[in-house]
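We begin with a single chain expressed as structure tokens, specifically the form predicted alone.
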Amino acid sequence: MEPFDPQVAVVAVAEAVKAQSAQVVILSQSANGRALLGRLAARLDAGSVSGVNALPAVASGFQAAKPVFGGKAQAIYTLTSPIKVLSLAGNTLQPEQTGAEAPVEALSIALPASRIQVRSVSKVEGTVPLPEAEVVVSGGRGLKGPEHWGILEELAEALGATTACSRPVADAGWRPHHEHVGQTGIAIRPNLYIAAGISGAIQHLAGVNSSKTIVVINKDPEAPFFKAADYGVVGDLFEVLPRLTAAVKKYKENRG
């Protein structure tokens, strides 16, 4: 469906749920999934939880968990409705190959006409949007100014990564606000998050602490970010980043 119209999609999904007598519906915690979740729950008279980060527990009722308070706590929701609708946060579960077949069945559903008209589209070109990026390279005030951002962009290009920044960097106008990650910016869940020159204030950590692997580069060994890091480099980012970029390029060349 292009463009995506949640008022049309909700009819299709609801009818499919009824045809299959489904009891649990799991959506992606994407922009489309968030637009669909509430409408679908209302249409099916279902309980719903958005942004769950684990498979539901069913030992003592149907319980779904999600992070709250910027990831500092976990909330457990018990759903008692016959149908449940959940949206699953990205990078929450690793796919597993079971070998089981999933037959495809055709459904004939009468859909209403979409009332959405797209007059124009304006989007950032050339990079994967931050919420969808698997690798993110982020910079903070340690870069000392926008004129030094090139060394971070070179690493991002070598890794095929999307660039991001801390809030002070965006507020200072060094980088556009759509690159700001953190509690007051964009929350991300990449497979790899590299933070250079970012101290690791709790507001920033709240938006990135669900990353699979966090690498921190900072010359201050007492930077709070090191406590949340999987790997840390204590050093001058102006020396570390170019050497890391060169190592990535050499690795790729050797692999052919």
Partner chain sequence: MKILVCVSKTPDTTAKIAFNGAGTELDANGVQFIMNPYDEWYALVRAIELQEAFGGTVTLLNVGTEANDTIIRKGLAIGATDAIRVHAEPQSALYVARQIAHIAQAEGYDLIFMGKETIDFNGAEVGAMVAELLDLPFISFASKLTMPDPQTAVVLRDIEGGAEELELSTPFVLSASKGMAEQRIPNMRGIMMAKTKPLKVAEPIPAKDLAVAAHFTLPSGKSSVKLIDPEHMEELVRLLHEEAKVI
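Residue numbers count along the first chain shown, from 1. Think of the rigid core as the biggest set of C-alphas that the two forms share within 1.5 Å after superposition. All values reported here derive from a predicted model rather than from experimental measurement.
Keep in mind that the form predicted in complex with the partner chain is not shown, yet the notes after this line are about it.
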Decide if the three candidate residues Asn32, Ile116 and Lys212 all line the partner chain in the predicted complex, where lining means a heavy atom within 4.5 Å. yes
Is there any non-hydrogen atom of Lys227 lying within 4.5 Å of the partner chain in the predicted complex? yes
Does Ala89 reach the partner chain in the predicted complex, with heavy atoms at most 4.5 Å apart? no
Do Leu37 and the partner chain come within 4.5 Å of each other in the predicted complex, heavy atoms counted? yes
Does any part of Ala247 reach within 4.5 Å of the partner chain in the predicted complex? Heavy atoms only, please. yes
Can you name the residues of 32 to 49 that have a heavy atom within 4.5 Å of the partner chain in the predicted complex? Asn32, Arg34, Ala35, Leu37, Gly38, Arg39, Ala41, Ala42, Arg43, Asp45, Ala46, Gly47, Ser48, Val49
Superposing on the rigid core, do we see a C-alpha displacement of 2 Å or more at Lys84 between the shown form and the other one? yes
Against the rigid core, is the Cα displacement of Gln63 between the shown form and the other one at least 2 Å? yes
Indicate whether Arg243 shows a C-alpha shift of 2 Å or more between the shown form and the other one, with the rigid core used for the fit. no
